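Okay, here we've got a single chain as structure tokens, the form predicted alone, with questions on binding and movement later.
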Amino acid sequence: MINRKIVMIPGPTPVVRSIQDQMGRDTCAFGDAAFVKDYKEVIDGVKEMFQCDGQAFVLAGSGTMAMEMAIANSTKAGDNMLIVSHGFFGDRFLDVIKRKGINVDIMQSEWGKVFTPEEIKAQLKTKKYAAMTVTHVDTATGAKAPIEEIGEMMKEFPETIYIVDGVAASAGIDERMTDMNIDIILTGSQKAFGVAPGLAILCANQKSLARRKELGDTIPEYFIDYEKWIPIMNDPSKYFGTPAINLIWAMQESLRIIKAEGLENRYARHKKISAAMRAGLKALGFSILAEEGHQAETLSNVLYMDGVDDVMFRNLVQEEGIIVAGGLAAYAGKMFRIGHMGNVDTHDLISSMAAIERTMYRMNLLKKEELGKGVAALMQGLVD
């Protein structure tokens, strides 16, 4: 019998049937009055969710496009910019920024660790920075930055735009722009929102919008200029670029699901299932890359025991019905990454743990009489 495959990588995440149904609708004209209303509802819903006092942008594109959009509307050539990187995707900002004539400093943490607000503050004091980026959760490491504490510290540097990359955290971990003193949050549709890839999402507060005005009538970038999109976000019946119509409907359904669950309940659920998942993994003898206290609720980066063949492990897990991701950079071959975010349910979680156990048994990493101990630890965490 061929096992049904469940995608449990750190994104894209499982897409529930009601969201799939929206993507399967007959596509309409982007100027259709009903769609214009739906699009505006999504824009306003995103703005409300992130507690944004400025403008929400929901555009066809990727999280990387949103990264570039944040930088393009916050800085100009010759400015200083600080990247606070906790892994592979924090480092990606460097590749974007170095193409723009911006002077960049980068703080690179040991993978699995994060910088404290005090360490960041010390660097900010060395010069005037136009902007600073922090990745909330880096999927390469599974480490979670203390964005709220950093935001409180940033009140001492009001001239610096505080940009948070929320791609692997948004809709799974608390992100409130006003309360956390965040100027820009950027994210994508394919992770904790539980929508297929294809939407770039960015929220800019009033301070961020004012910075864009300071840069002049035009910036070098065209498609990602705030000023090109603000009229459309305020009135989606206007046109600049064709929206991803079916993905907008899917996002509308995602926001409906989130609202029905309640944001606080959703964040609490992610905390519960992440702790339960890690308890199960540890019961099987695995360890987690990210240090205690900074482990993300949305995914786990799981270190192998000595001697485990990574490719064999992941291939066998897939045969058993679960797709997990491999490690990146220096950790390629040394760990696997498993997502537990968005609209994953109890069946997904238990099936994943059971598939890992069956794989370990097939690889002689687990004795027959030991089968079930990972699932037991997971279930105990889920029912507590």
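We number the residues from 1 along the sequence you see. It should be emphasised that the depicted structure is a prediction, and the values quoted were computed from it without experimental measurement.
The form predicted together with a small molecule exists for this protein as well; it is not shown, and the discussion that follows is about that form.
Although the partner is absent here, residue 46 sits far enough away that none of its heavy atoms falls within 4.5 Å of the small molecule in the predicted complex. The small molecule in the predicted complex comes within 4.5 Å of no heavy atom belonging to residue 75. Within this chain, residue 342 is remote from the site of the small molecule in the predicted complex, having no heavy atom within 4.5 Å.
Using a 4.5 angstroms threshold between heavy atoms, residue 137 counts as touching the small molecule in the predicted complex.
Here the chain stands alone, but in the predicted complex its contact with the small molecule, taken as any heavy atom within 4.5 Å, falls in 160-168 among 205-213, 160-168, 242-250, 259-267. The single contact residue among 111, 286, 229, 89, judged by any heavy atom lying within 4.5 Å of the small molecule in the predicted complex, is 89. Interface residue among 351, 318, 51, 64 relative to the small molecule in the predicted complex, by the heavy atom within 4.5 Å criterion: 64.
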